[in-house]
Structures are given as C-alpha cells and as structure tokens.
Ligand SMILES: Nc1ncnc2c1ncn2[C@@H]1O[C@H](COP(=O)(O)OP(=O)(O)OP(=O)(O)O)[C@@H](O)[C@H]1O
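As a starting point, one isolated chain is supplied in structure tokens, in the form predicted alone.
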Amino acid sequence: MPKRTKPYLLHASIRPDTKVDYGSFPFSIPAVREVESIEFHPNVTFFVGENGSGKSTVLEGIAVALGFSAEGGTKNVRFQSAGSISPLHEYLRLARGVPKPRDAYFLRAESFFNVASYMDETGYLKGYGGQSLHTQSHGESFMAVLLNKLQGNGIYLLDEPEAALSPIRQLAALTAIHQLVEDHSQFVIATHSPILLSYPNAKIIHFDKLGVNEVAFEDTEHFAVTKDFLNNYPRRLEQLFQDDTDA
C-alpha cells in the first residue's frame, strides 16, 4: 500500500479560544466531545457508528472548517438550500500538512441532488464527464464524481457514499479510492458499508455514546453482523420474524 509521510489533514482539535457549552448541540453528542482524539490516517480514515452517533456531524464540521459548503461539492460550490447547520466548524482547529492539496471535494449523499442541480444551473459539467448528473442514476452520478471529478493529489471527504451504490459499484468505488490514494490523495469517509471498510490499512474510528475509539475492521459491528447474517441467514430470519410475532 502507498505511504505518505505528509498527509494533508493531521488531526482535529477544539480551538482553545472558544467557550464550549457541552449541554447544547452538537457537543451534547458524546463522540463530538472527543473530537480532539481524532488523528487522521495519511491515506484513508473511516468514521463508523450508529445513526445519530455524530459521525456525519463531525465530518460536516471538518468539511466546513476546510472551506467547503455544508451541502458538498468543490470549494467553489457556494449555496445553502437546507436549514441551519451545526456550528461545530466554528470551534474546530485543523492541523494540516505540507504541501497543500491540489484538489478537494466533499461528497454528501443527502444533499448530492442539490449539488447536481447547481451544476446544471452553472453549466459546469466537464469535470463530471460532460453529462448532467440528473440524467444518470444516483449510483452512476456518484461514480461520475469518483471517476471523473476527483483528480488526485487531493483531500476528499465522503459522507455515506454507499447510499446510492450497489455491492458491485461499492467494489468499483474501492478501486477508484485506491487509485486516488496511489495518486497521493487522502480520504475521510463516514460509512455503514463493510465493503468500503475493508480497505487495507485504513484507520477506523468508531463513534458511540462513550465517545470515539479506533477499531480493527473485523471488530466492527458492520463486519460481525454482516458475516453472521450471511453465514446463518435462514436461522437469523426465523429469529427476527419470530421475535416480531411474539411482540
């Protein structure tokens, strides 16, 4: 696997000149309070955890602190169609490596439709393969970003990219991610996908009600539950439906 001694993003911390209210959002989320414990792998860092654990909130905070819109896209995409965003970015201090990345992108599954619409309005589609993202399936448009838009030597933040991808496309995404890593890129990815999490030598940060901690791929719930279900699916389905009937 490729190794880089100078990652673009080193670690995150809370700015010492800010006053944090740990009783209010987002610091009421236990994992967000532990953001200072996050050090990034020079190639790929994954954020994992249950819905509501804070992984997407932290990823959004990092993205906005880096200069992205909370909606996603490149740093030149400047619009906001959603409501208020988390103020976490205002409290974050990011330690960055040298040299600076030449490319950057924030891909966010939940607002990618809005980014696609913005691209249509501006007419800037060359970087996406020259075709409107709305004329492609959700999965095809995501792959258009990975295969066409991301140029390497970059910092890339992906929030649940598997949301639009079939298992086969997730494998293709792994290949694209690896090629970009080989081309001196760094990824931070929030995901539920055990396929993506299998990327070799990546750092996996688990978010839960106790905070954050680093885990091995085979120790993640994503791996264990998926493996157990696939190996024992008739029995697991029987148990699930039996429990539902008993309720």
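Just so we're clear, the structure is a prediction, and the values are computed from it rather than from any experiment. All residue numbers refer to positions in the sequence shown, first residue = 1.
Not on display, but discussed next: the form predicted in complex with the named molecule.
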property	result
Any non-hydrogen atom of S53 within 4.5 angstroms of the named molecule in the predicted bound form	yes
Any non-hydrogen atom of T57 within 4.5 angstroms of the named molecule in the predicted bound form	yes
4.5 Å heavy atom contact, H184 to the named molecule in the predicted bound form	no
Contact test in the predicted bound form: H41 vs the named molecule, heavy atoms, 4.5 Å	no
Residue (of V35, I29, L197, I62) lying close to the named molecule in the predicted bound form, criterion heavy atoms within 4.5 Å	I29
Options 64-72, 176-184, 44-52, 209-217; stretch whose heavy atom lies within 4.5 Å of the named molecule in the predicted bound form	44-52
Members of 184-222 lying within 4.5 angstroms of the named molecule, judged by heavy atom, in the predicted bound form	H192
